[in-house]
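Each of the two blocks below gives one form of the same protein chain as structure tokens; they are labelled structure 1 and structure 2.
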Structure 1
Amino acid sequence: MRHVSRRTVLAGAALTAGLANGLARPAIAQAAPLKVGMMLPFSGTYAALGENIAAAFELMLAESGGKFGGRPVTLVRLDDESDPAKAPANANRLVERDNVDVLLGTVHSGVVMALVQAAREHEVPLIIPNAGNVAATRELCSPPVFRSSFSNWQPAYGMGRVLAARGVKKAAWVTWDYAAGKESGDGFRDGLRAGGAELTHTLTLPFPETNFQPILAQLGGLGVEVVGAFFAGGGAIQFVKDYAASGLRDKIPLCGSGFLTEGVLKPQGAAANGIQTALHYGDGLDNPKNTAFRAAFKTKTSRDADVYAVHGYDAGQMLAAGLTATKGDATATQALAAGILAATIDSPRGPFKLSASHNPIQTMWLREARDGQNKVIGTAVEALADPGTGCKMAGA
């Protein structure tokens, strides 16, 4: 028997009610508020990331008069705690109990898989405002699933390319043992290889542990010229401080995906100075959208914007583009997808379009942390698309 999704049932009911009242379906869709289920970490090591994503999404919504596609938007907030074990129940709660029309989430690459599954099963549009799990836009790509951020592969690939172009021959990768760390390591390896260099060692610890001493004790003896790392949030603060305190910093330069120093420079202090990273955002990107965005975000939150805030803001812009195309009908997933794919997103990172597998095609900047800023000092790779391997959608 064909699987009948909640989406199909709701759409059918709305259509029947609309026709009985002599109304076209778009008019019905516009009358009711649109519920966005915002599943993000508001506690734990990624809490600050979730807060910035949520605040910037709300900012973009407020700039749109509280409406997308003509429909007033209400938000349902859910703290996923970056806990993969709770993720299926949390995602189902949003779709089945709270009856959200759109899913927005999340930060953690393990947790996001439950949202991808819920979006595919129930045909509910999902915008991923951070988690870089490559499967979401490779083998599990699907019409209602979009990403406003990056794939884990992209920033680390950029860093690997830069190192190889400088003549580095051997590097190590240090990270948490979960999808984001592993897939970033794959990108780093591929970037190094593209320039004839080699990833010789990968050292891991379980997420979200921060006892880095056993790993730091090994690094000096590996015979590598550079150490690359993926950590973010609270873990990144600790790793960068511990790396400096171990005395390794002056012997083996530390670099990584930009998350290593993003949004955490204040608590990292002088320990972060000189760390180079690659990311699709950086301080001092000089474009009018970025200037306006940073000022508005600061006014709203009293915090400086970072890449996580940019992801949240652009998730709002993408959703607005899709719902404008469908006149507010979130059940019209094909038309919504066409609307998002046709749009050029005017992002604070610079304008971007999505690939056929629904992941941003974007420039990876080379940045250097110095005195509290991740200053853009060059281009790592221009207009970089995730390879999108395994995606079977038309055109992908």
Structure 2
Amino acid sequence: MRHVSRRTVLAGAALTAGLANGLARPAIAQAAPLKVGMMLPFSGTYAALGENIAAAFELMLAESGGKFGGRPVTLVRLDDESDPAKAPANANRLVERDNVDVLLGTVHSGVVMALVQAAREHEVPLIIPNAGNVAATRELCSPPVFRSSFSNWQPAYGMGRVLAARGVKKAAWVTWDYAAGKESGDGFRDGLRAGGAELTHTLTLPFPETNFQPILAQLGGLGVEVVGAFFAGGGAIQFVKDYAASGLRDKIPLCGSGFLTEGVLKPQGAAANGIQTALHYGDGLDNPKNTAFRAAFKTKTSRDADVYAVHGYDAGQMLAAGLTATKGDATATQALAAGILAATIDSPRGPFKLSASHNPIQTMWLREARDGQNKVIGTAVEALADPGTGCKMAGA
């Protein structure tokens, strides 16, 4: 028998009920609250990221009068604890027990794959507000799956393009031996190649090891002009400090994907000064939307907005665009997707549209770490789309 999803059953029931009462399905949809399941890390290492995503999504919802597509919105929060082992059960809990209409999540790439699977199997719209693993919008792309953030490939590609444009010919890449590091390294390599440069060496260590001394000892003898890196959190703090302490900083410039310095400049201290990175957001972006967003987020949370808050806010904007197109019907997957794809999202990072594989086409900004900020100093690449390799959706 053909697989029948929960969404199909619910949609059919709603239509039947509507017809029995002489009402069209959109009227039924607007009568009931829309339930959004927010599966994010609200505890542990990534709790601050999850809270900023959630707070910014709530901010956008409040700006929309508490409704998307004419329907009042109810939020169901679930702490995923950044635990991939618990992810399938958590995703199924939201869909099967809580009967959410839309999924929002998450930060950890290992956790998000359970959400992608649930969205594909049950035809529930999913917006990914951070996790950058490329599979979600490449080989596992699907009509109900969207990303409001980035693919791991994008920021590092932007950095590679900048280096090649400066005349760099040979570079090395340092990262943990895991998917995010590899996918970022692929972007760095492709960006270099696009400008005639070459990635000559890739050095890795097991995740989440932070004994960088064996790798640092090799870098000086590789004959490269620059070192690119992808680390985040505690690993990024330690690597940047160790790189400076080794004496390499003044001999071979260090750069990387924006997450090398994002959110960790304070503990990195003076060791980070001068490091250039590429990311789709940065400190000092001067546009009216960003100015208003940062002020509103500060008022709501007493915290400064960051790239994670931007992801959450834009997830709300994307969902609003899709539900406006369907008059609040979250089960109309194709029409919802068409509405999101047709929209230009007025983001604090700058306006963007989504690619055919549902990943943002966005500017990668060049940033430099200065006095505790990742100051935007220029453009790395404008309107950069992830390649969407392996995506079989129409138009991709």
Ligand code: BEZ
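Under this definition, the rigid core comprises the largest set of C-alpha atoms superposing within 1.5 Å between the forms. On a predicted model such as this, the values are computed, not experimentally measured, just so you know. FYI, numbering is relative to structure 1, first residue = 1.
- Structure 1 is taken from the form predicted together with benzoic acid, while structure 2 is not.
- With a cut-off of 2 Å and the rigid core superposed, residue 317 has a Cα displacement that falls short of the cut-off between the two structures.
- Once both forms are fitted on their core, the CA shift for residue 75 between the two structures remains under 2 Å.
- Superposition of the core reveals a Cα shift of 2 Å or more for residue 198 between the two structures.
- Core-based alignment between the two structures gives a C-alpha movement of 2.5 Å at residue 162.
- For residue 224, the Cα shift between the two structures is 5.4 Å when the rigid core is held fixed in the overlay.
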